[in-house]
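Here's a solo chain for you in structure tokens, the form predicted on its own.
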Amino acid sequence: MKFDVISTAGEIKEERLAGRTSIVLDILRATSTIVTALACGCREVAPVETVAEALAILEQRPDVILGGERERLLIPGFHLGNSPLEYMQEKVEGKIVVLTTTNGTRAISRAAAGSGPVLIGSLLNAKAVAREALNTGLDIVLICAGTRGEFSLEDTAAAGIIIKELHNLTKSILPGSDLAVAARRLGEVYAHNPMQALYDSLHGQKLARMGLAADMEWCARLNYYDLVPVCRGGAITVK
């Protein structure tokens, strides 16, 4: 079995996903928010790429919750932003959340266009998502959403931490590229202090300057949840 890493959503190609299990990562903050929402009782998260798509769904389904961000800020007319701390039980239990973000939902939508299983990963569920990916019996590709088409340290470090979890579960998994090797080494550096990876990243530094350090602290909680969101048919639910 092999593992590989894709550095940004723009690098996702159908042939790189065929016959593989994908793990999508947008640590700051979309996939961390999705994991949190589902852990807090959200029935389903529907990821969409555009604000217009989200608003169109609300017209047809006024009972849904719109969540997401542009430029890290709440979208006008939306109920919630992209902070995982907004998606606690009292707000999302039993609800459907339609989510659109700058980077994460784009990566999820592109991954879902492939033929293999699509899992949603984060530091919050690193061990659980590694275990589920191995259980599929397929080669694994970790997809980093990146930031506006560029490499992001926090996503790649999180990929490396999940790779470390994979190695803890089995020794018979091999890297498929130099980027996969580099991610694994980053994971070894940051595994004992994931928060440092977030603060070292430019995206994390911007969030901190915006007063969102509490979001970063939440997103850095390693193995806080033992659940795996799965994307099927445009809907993300708990495995």
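Since this is a predicted model, take the numbers as computed values, not measurements. All residue numbers refer to positions in the sequence shown, first residue = 1.
Keep in mind that the form predicted in complex with a further copy of the same chain is missing from the display, and what follows is about it.
- Although the partner is absent here, residue 212 is not a contact residue: none of its heavy atoms lies within 4.5 angstroms of a further copy of the same chain in the predicted complex.
- In the predicted complex, a further copy of the same chain sits within 4.5 Å of a heavy atom belonging to residue 177.
- Within 4.5 Å of some heavy atom of a further copy of the same chain in the predicted complex lies at least one heavy atom of residue 202.
- Residue 83 falls outside the set of residues with a heavy atom inside 4.5 Å of a further copy of the same chain in the predicted complex.
- Distance criterion of 4.5 Å from any heavy atom to a further copy of the same chain in the predicted complex singles out 153 from the list 98, 128, 75, 153.
- Note on the interface: of 87 to 95, 130 to 138, 109 to 117, 144 to 152, the segment with non-hydrogen atoms within 4.5 angstroms of a further copy of the same chain in the predicted complex is 144 to 152.
- Remark: none of the three candidate residues (216, 221 and 225) comes within 4.5 Å of a further copy of the same chain in the predicted complex, counting heavy atoms only.
- Residues 181, 182, 185, 186, 189, 190, 196, 200, 201, 202 are the ones in 180 to 213 with at least one heavy atom within 4.5 Å of a further copy of the same chain in the predicted complex, listed in sequence order.
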